[in-house]
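There is one chain below, alone, in C-alpha coordinates, taken in the form predicted on its own.
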Amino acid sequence: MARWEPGARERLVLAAVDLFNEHRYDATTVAQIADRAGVTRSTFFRHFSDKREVLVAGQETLSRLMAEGIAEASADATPLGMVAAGLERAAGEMGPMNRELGPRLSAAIAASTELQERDALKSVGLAAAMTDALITRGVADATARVAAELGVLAFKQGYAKWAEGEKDDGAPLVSFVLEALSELRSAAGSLG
(Lines give C-alpha, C1' and ligand atoms only; values in the text may rest on other atoms or scores of the structure.)
Protein backbone atom coordinates (compact mmCIF):
# COMPACT_ATOMS: atom_id res chain seq x y z
CA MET A 1 0.00 0.00 0.00
CA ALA A 2 1.22 3.46 -0.84
CA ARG A 3 1.93 5.80 2.04
CA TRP A 4 0.60 9.35 2.18
CA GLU A 5 -1.44 9.04 -0.99
CA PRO A 6 -3.46 12.14 -1.75
CA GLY A 7 -7.12 11.86 -0.87
CA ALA A 8 -6.58 9.26 1.86
CA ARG A 9 -8.92 11.04 4.28
CA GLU A 10 -11.73 11.19 1.71
CA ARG A 11 -11.21 7.55 0.76
CA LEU A 12 -11.34 6.57 4.44
CA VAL A 13 -14.63 8.42 4.92
CA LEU A 14 -16.21 6.80 1.86
CA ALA A 15 -14.93 3.35 2.82
CA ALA A 16 -16.17 3.67 6.38
CA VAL A 17 -19.64 4.85 5.42
CA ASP A 18 -20.01 2.08 2.85
CA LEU A 19 -18.83 -0.56 5.33
CA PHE A 20 -21.12 0.80 8.05
CA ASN A 21 -24.02 0.31 5.62
CA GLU A 22 -22.90 -3.10 4.40
CA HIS A 23 -21.95 -4.68 7.74
CA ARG A 24 -23.36 -2.24 10.34
CA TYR A 25 -21.24 0.08 12.41
CA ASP A 26 -20.56 -2.34 15.27
CA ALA A 27 -19.30 -5.09 12.95
CA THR A 28 -16.96 -2.83 10.98
CA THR A 29 -13.31 -2.68 12.05
CA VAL A 30 -10.64 -0.05 11.48
CA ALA A 31 -8.64 -2.67 9.59
CA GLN A 32 -11.53 -3.20 7.18
CA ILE A 33 -11.91 0.53 6.63
CA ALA A 34 -8.19 0.99 5.98
CA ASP A 35 -8.12 -2.00 3.64
CA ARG A 36 -11.13 -0.76 1.64
CA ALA A 37 -9.56 2.70 1.38
CA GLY A 38 -6.22 1.23 0.27
CA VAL A 39 -4.24 2.61 3.21
CA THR A 40 -2.58 1.22 6.32
CA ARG A 41 -4.10 1.20 9.81
CA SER A 42 -1.50 3.74 10.87
CA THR A 43 -2.71 6.05 8.08
CA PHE A 44 -6.24 5.66 9.41
CA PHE A 45 -5.07 6.72 12.87
CA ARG A 46 -3.22 9.73 11.45
CA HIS A 47 -6.60 11.02 10.31
CA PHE A 48 -9.04 9.70 12.94
CA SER A 49 -8.78 8.63 16.58
CA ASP A 50 -11.38 5.88 16.09
CA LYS A 51 -13.99 4.72 13.60
CA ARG A 52 -16.70 6.86 15.18
CA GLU A 53 -14.72 10.00 14.40
CA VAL A 54 -15.07 9.32 10.67
CA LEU A 55 -18.64 10.58 11.00
CA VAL A 56 -17.50 14.07 11.94
CA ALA A 57 -14.78 14.39 9.32
CA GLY A 58 -14.72 18.04 8.41
CA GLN A 59 -16.71 19.30 11.41
CA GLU A 60 -13.92 21.63 12.51
CA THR A 61 -13.68 23.06 9.02
CA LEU A 62 -17.44 23.45 8.77
CA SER A 63 -17.58 25.21 12.15
CA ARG A 64 -14.71 27.50 11.16
CA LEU A 65 -16.32 28.40 7.83
CA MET A 66 -19.66 29.18 9.49
CA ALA A 67 -17.96 31.36 12.10
CA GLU A 68 -15.92 33.17 9.42
CA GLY A 69 -19.04 33.86 7.39
CA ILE A 70 -20.76 35.31 10.45
CA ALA A 71 -17.70 37.43 11.26
CA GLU A 72 -17.57 38.78 7.72
CA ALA A 73 -21.30 39.54 7.39
CA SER A 74 -22.17 43.18 6.79
CA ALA A 75 -22.28 45.47 9.79
CA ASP A 76 -26.02 46.03 9.40
CA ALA A 77 -26.92 42.33 9.12
CA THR A 78 -29.53 40.94 11.47
CA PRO A 79 -28.60 37.90 13.56
CA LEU A 80 -30.27 35.60 11.01
CA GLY A 81 -28.60 37.57 8.23
CA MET A 82 -25.26 36.82 9.88
CA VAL A 83 -26.23 33.15 10.17
CA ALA A 84 -27.17 33.16 6.48
CA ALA A 85 -23.70 34.52 5.66
CA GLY A 86 -22.14 31.72 7.71
CA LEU A 87 -24.26 29.10 6.01
CA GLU A 88 -23.40 30.50 2.59
CA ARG A 89 -19.70 30.35 3.39
CA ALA A 90 -19.85 26.74 4.61
CA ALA A 91 -22.26 25.47 1.95
CA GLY A 92 -20.16 27.05 -0.79
CA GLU A 93 -17.31 24.70 0.09
CA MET A 94 -19.35 21.52 -0.32
CA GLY A 95 -19.33 19.77 -3.66
CA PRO A 96 -20.34 16.59 -5.46
CA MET A 97 -18.63 14.20 -3.03
CA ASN A 98 -20.58 15.72 -0.14
CA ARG A 99 -23.80 15.37 -2.12
CA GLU A 100 -23.11 11.76 -3.03
CA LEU A 101 -22.18 10.90 0.54
CA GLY A 102 -25.36 12.34 2.11
CA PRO A 103 -27.84 9.48 1.65
CA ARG A 104 -25.23 6.85 2.50
CA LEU A 105 -24.23 8.69 5.63
CA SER A 106 -27.85 9.17 6.69
CA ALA A 107 -28.49 5.44 6.32
CA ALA A 108 -25.44 4.56 8.41
CA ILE A 109 -26.48 7.00 11.14
CA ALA A 110 -30.06 5.73 11.18
CA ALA A 111 -28.84 2.18 11.76
CA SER A 112 -26.57 2.95 14.74
CA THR A 113 -27.42 4.47 18.11
CA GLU A 114 -23.77 5.32 18.67
CA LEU A 115 -23.58 7.20 15.37
CA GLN A 116 -26.85 9.00 16.17
CA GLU A 117 -25.29 10.20 19.41
CA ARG A 118 -22.14 11.37 17.61
CA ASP A 119 -24.25 13.15 14.99
CA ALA A 120 -26.13 14.97 17.75
CA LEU A 121 -22.81 16.09 19.26
CA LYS A 122 -21.77 17.37 15.84
CA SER A 123 -24.90 19.55 15.74
CA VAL A 124 -24.14 20.88 19.21
CA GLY A 125 -20.61 21.77 18.10
CA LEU A 126 -21.84 23.62 15.01
CA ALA A 127 -24.39 25.56 17.07
CA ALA A 128 -21.73 26.48 19.63
CA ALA A 129 -19.40 27.78 16.92
CA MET A 130 -22.15 29.93 15.42
CA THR A 131 -23.31 31.14 18.85
CA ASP A 132 -19.79 32.23 19.77
CA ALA A 133 -19.37 34.04 16.45
CA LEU A 134 -22.70 35.84 16.89
CA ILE A 135 -21.87 36.87 20.47
CA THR A 136 -18.52 38.18 19.24
CA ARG A 137 -20.49 40.32 16.78
CA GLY A 138 -22.47 41.79 19.68
CA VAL A 139 -25.62 39.69 19.46
CA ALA A 140 -27.27 39.04 22.83
CA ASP A 141 -26.72 35.55 24.23
CA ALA A 142 -30.31 34.25 23.98
CA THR A 143 -30.77 35.67 20.47
CA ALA A 144 -27.43 34.22 19.38
CA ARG A 145 -28.39 30.77 20.66
CA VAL A 146 -31.76 30.77 18.90
CA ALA A 147 -30.27 32.06 15.64
CA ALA A 148 -27.48 29.46 15.76
CA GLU A 149 -29.91 26.60 16.41
CA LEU A 150 -32.04 27.75 13.47
CA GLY A 151 -28.86 27.85 11.40
CA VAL A 152 -27.94 24.27 12.28
CA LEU A 153 -31.47 23.11 11.54
CA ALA A 154 -31.46 24.96 8.21
CA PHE A 155 -28.12 23.45 7.29
CA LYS A 156 -29.28 19.92 8.12
CA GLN A 157 -32.62 20.31 6.31
CA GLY A 158 -31.06 21.95 3.28
CA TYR A 159 -28.29 19.36 3.09
CA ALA A 160 -30.77 16.48 3.31
CA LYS A 161 -32.93 17.90 0.52
CA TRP A 162 -29.87 18.64 -1.64
CA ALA A 163 -28.40 15.17 -1.12
CA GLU A 164 -31.69 13.50 -2.04
CA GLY A 165 -32.05 15.57 -5.24
CA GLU A 166 -30.87 14.84 -8.76
CA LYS A 167 -27.10 14.47 -8.58
CA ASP A 168 -26.48 15.84 -12.06
CA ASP A 169 -28.64 18.97 -11.82
CA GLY A 170 -25.70 21.11 -10.69
CA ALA A 171 -27.79 22.76 -7.97
CA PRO A 172 -25.58 24.26 -5.28
CA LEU A 173 -26.13 23.37 -1.63
CA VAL A 174 -26.32 27.03 -0.68
CA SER A 175 -29.69 27.52 -2.39
CA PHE A 176 -31.21 24.62 -0.41
CA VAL A 177 -29.75 25.83 2.89
CA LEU A 178 -30.91 29.43 2.44
CA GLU A 179 -34.38 28.25 1.40
CA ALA A 180 -34.57 26.13 4.56
CA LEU A 181 -33.46 29.12 6.68
CA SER A 182 -36.14 31.29 5.07
CA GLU A 183 -38.80 28.68 5.84
CA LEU A 184 -37.61 28.40 9.44
CA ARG A 185 -37.60 32.19 9.81
CA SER A 186 -41.22 32.26 8.68
CA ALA A 187 -42.14 29.39 10.98
CA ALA A 188 -40.48 31.10 13.95
CA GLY A 189 -42.37 34.29 13.19
CA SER A 190 -45.67 32.43 13.42
CA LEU A 191 -44.91 31.16 16.93
CA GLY A 192 -46.25 34.34 18.45
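Remember, predicted model here, so these are calculated numbers, not experimental data. Residue numbers run from 1 along the displayed sequence.
There is another form of the same protein, the form predicted together with a further copy of the same chain; it is not shown, and what comes next is about it.
Exactly one listed residue, out of 36, 161, 52, 47, brings a non-hydrogen atom to within 4.5 Å of a further copy of the same chain in the predicted bound form: 52. Proximity to a further copy of the same chain in the predicted bound form, taken as a non-hydrogen atom within 4.5 angstroms, holds for one residue of 30, 146, 128, 135, which is 146.
Of the heavy atoms in residue 14, none are within 4.5 Å of a further copy of the same chain in the predicted bound form. At the 4.5 Å threshold, heavy atoms of residue 73 stay clear of a further copy of the same chain in the predicted bound form, well away from it. Using a 4.5 angstroms threshold between heavy atoms, residue 40 stays clear of a further copy of the same chain in the predicted bound form.
At a distance threshold of 4.5 angstroms between non-hydrogen atoms, residue 153 is in contact with a further copy of the same chain in the predicted bound form. Although a further copy of the same chain is omitted here, in the predicted bound form none of 106, 111 and 165 has a heavy atom within 4.5 Å of it. Of the residues in 113 to 144, those that come within 4.5 Å of a further copy of the same chain in the predicted bound form through at least one heavy atom are, in sequence order, 113, 116, 117, 118, 120, 121, 124, 142, 143.
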